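There is one chain below, alone, in structure tokens, taken in the form predicted on its own.
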Amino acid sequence: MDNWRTAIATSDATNIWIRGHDIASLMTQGSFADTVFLLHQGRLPNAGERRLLDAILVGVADHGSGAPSCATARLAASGNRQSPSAAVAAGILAIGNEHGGAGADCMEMIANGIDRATKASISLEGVARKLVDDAKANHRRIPGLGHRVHSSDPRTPTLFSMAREVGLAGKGIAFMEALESQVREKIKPLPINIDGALAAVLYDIGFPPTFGMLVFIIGRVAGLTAEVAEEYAREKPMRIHVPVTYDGVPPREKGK
């Protein structure tokens, strides 16, 4: 059997290295955002990249106990008092295309849109217009837009403003803003949500589409650990009872 291969981390009896960087140096001179960037990009971020990635991790950390990942983690914790890892894992498993996973789809859309604009020599606004027309004609949702709670997601202008401040706002942000404008004009006002915002920023600083979901998982784990810890500390076991209305076949009489 061949050995596994990895370019991420290694160690010996007295040392640990991540992408060739000594772990002690990272601990004393870097940040968690630095290490996440290093793990996934193979290099340390510059100051602007660090600031943006850190802001994204903060922005996705928690959104209240009703969010699917948090609610699932607390439900698991309510019935399992011995394994916080299982409860946190349950929360992670609730992350998907409809909750926290749209960032990856949105990054794919941004990359394809910008590539199309470049190859066809048309503006990002033109590509966004065609995309919205197609989505409207086929009754298809556009990732990165709309939120079940916010009429305006407060995290989006914060991220975009920060990206502009550090000189890293590029075509990703421009495309999402053009898309939001076209959707407002042709369908209805739908704000760029956190998935769309982080997708635009991550595209502009060079991350691949899969990281759109992975970064949500990395950041949300912090919130899930707090949700599970609070469930254990403040609530009784099995306290969560999900209301259910039965609308199936009426119960049969005994013997029939």
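Everything quoted here is computed from the prediction, not taken from an experiment. Numbering starts at 1 and runs along the sequence shown.
Keep in mind that the form predicted together with a further copy of the same chain is not shown, yet the notes after this line are about it.
Which listed residue (Leu131, Ala94, Met109, Leu168) meets the criterion of a heavy atom within 4.5 Å of a further copy of the same chain in the predicted complex?
Among Leu131, Ala94, Met109, Leu168, a heavy atom within 4.5 Å of a further copy of the same chain in the predicted complex occurs only for Ala94.
Where, among 178-186, 123-131, 110-118, 78-86, do residues come within 4.5 Å of a further copy of the same chain in the predicted complex by heavy atom distance?
Result of the contact check: 78-86.
At the 4.5 Å heavy atom threshold, is Gly223 in contact with a further copy of the same chain in the predicted complex?
Contact check for Gly223: yes, within 4.5 Å of a further copy of the same chain in the predicted complex.
Would Asn46 count as touching a further copy of the same chain in the predicted complex under a 4.5 Å heavy atom rule?
Looking in the predicted complex, residue contacts with a further copy of the same chain do not include Asn46, since no heavy atom lies within 4.5 Å.
With heavy atoms only and a cut-off of 4.5 Å, decide whether Gly219 touches a further copy of the same chain in the predicted complex.
Residue-level check for Gly219: yes, a contact with a further copy of the same chain.
Is Val36 part of the interface with a further copy of the same chain in the predicted complex - any heavy atom within 4.5 Å?
Within the cut-off, so yes.
Pick out the residues of 53-78 whose heavy atoms come within 4.5 Å of a further copy of the same chain in the predicted complex.
Contacts from 53-78: Asp54, Ala55, Leu57, Val58, Gly59, Ala61, Asp62, His63, Gly64, Ser65, Gly66, Pro68, Ala71, Thr72, Arg74, Leu75, Ala76, Ser78.
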